[in-house]
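First comes one chain, alone, set out as structure tokens in the form predicted on its own.
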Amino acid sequence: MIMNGHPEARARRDYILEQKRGFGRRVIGVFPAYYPRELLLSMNILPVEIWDPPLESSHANAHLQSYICSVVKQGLELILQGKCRDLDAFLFPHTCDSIQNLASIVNDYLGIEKPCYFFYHPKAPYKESSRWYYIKQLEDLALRLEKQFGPLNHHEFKKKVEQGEDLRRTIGELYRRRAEGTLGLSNVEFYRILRQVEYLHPDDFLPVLTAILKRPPDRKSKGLAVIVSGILPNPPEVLEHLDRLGINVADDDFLSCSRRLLARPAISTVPFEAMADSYFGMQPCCTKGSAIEDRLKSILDKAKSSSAKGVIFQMVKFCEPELFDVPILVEGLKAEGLATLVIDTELNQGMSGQLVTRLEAFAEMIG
């Protein structure tokens, strides 16, 4: 569907049911953030990511500590409210201690009658054995999935890995056009479109992106440029206010976006090997144990290539991996002459008057 010249996001549940009924696909609910998407797709499984369902939290707090991040709380709330009936299973990557805690609650204590799968990707600093370990994890997950979903079709697996490379290249071009100011999308529009990767099948998502890239360059969208970092672009009211202030998010360091969607091209054409190339070629990330120096350099490179004047850290409260990195990143960015702003919010809570004032003060400082 096209609205105002831009692709309109499709409702997740309607899309899931369409995929199940029309294509016979099974559906796995995937918690953040790094997981082997192409392996699932090759087995005719649609991965649907669970990041920030817009729910009022009424049940999850009884199972979690008060200092657990709202990504975990909202995901558990989605399950406890019975809104995962259309899913055939869950997949829990080893992202952080809180996600691991959630995996244990769902698998061991709630009596949810859905299979739970676990994926343990290696953390930096990587050793010679890390690549072998990652490929072994992929192979072990494939064997476990085969028991429920049938044998892995290796020809289809190769096609989906190639399609994944195509998707990353296309997303990379989208980012490049935005950094140079020729994409013609507002901050809100860009992330509304990009976040459809969380549930659309690549057969449907790639045409959305290529249609955008086929439009003539729009050089009126440059504006005052900043980088935004954090877990995911939520609450979206922050993006809306940046649009009103005439500030363009020229690039990002979001876990849900550039950190995992962009990677160096794979070297190998063997599917498991190519997926390892992509994983180890992704951008530095606190949830992978990357060195803070590497992440600082990555953000500085983004700022330089996009002429960004500052960096906004859009924090999710109680996100421990991010909280370890941000103070050192702020110090390093300031030393390089970049303005920084750290905001700390719960998911889906909207914007307070105080936050509006802080964003406006930041805009004046970099203007």
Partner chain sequence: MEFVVGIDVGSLSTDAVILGEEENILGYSIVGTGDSSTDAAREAMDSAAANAGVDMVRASLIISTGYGRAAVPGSGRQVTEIACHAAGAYHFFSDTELVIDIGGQDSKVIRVGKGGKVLDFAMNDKCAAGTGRFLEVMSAKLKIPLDQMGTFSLAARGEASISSVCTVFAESEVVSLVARNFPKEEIVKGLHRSVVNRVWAMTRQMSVKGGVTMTGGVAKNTGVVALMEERLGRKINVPAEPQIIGALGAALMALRHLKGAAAG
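Remember, it's a predicted structure, so these values are computed and weren't measured experimentally. Residue numbers count along the first chain shown, from 1.
Just so you know, the form predicted in complex with its partner chain exists too; it's not on screen, but the next bit is about it.
Trainee: Examine residue 341 and determine whether its closest non-hydrogen atom to its partner chain in the predicted bound form is within 4.5 angstroms.
Mentor: Yes, residue 341 lies within 4.5 Å of its partner chain in the predicted bound form.
Trainee: With the partner left out of view, is residue 358 within 4.5 angstroms of its partner chain in the predicted bound form by any non-hydrogen atom?
Mentor: Answer yes; at least one heavy atom of residue 358 falls within 4.5 Å of its partner chain in the predicted bound form.
Trainee: Can any non-hydrogen atom of residue 304 be found within 4.5 angstroms of its partner chain in the predicted bound form?
Mentor: Result no; residue 304 lies far from its partner chain in the predicted bound form.
Trainee: According to a 4.5 angstroms non-hydrogen atom cut-off, is residue 18 in contact with its partner chain in the predicted bound form?
Mentor: No, residue 18 sits far enough from its partner chain in the predicted bound form that none of its heavy atoms falls within 4.5 Å.
Trainee: Quick one: which of 33-41, 306-314, 49-57, 333-341 gets within 4.5 Å of its partner chain in the predicted bound form, going by heavy atoms?
Mentor: It is the stretch 333-341.
Trainee: Thinking of 182, 188 and 190 as the candidate spot, does its partner chain come within 4.5 Å of a heavy atom on all of them in the predicted bound form?
Mentor: No, because 182, 188 and 190 lack any heavy atom that approaches its partner chain to within 4.5 Å in the predicted bound form.
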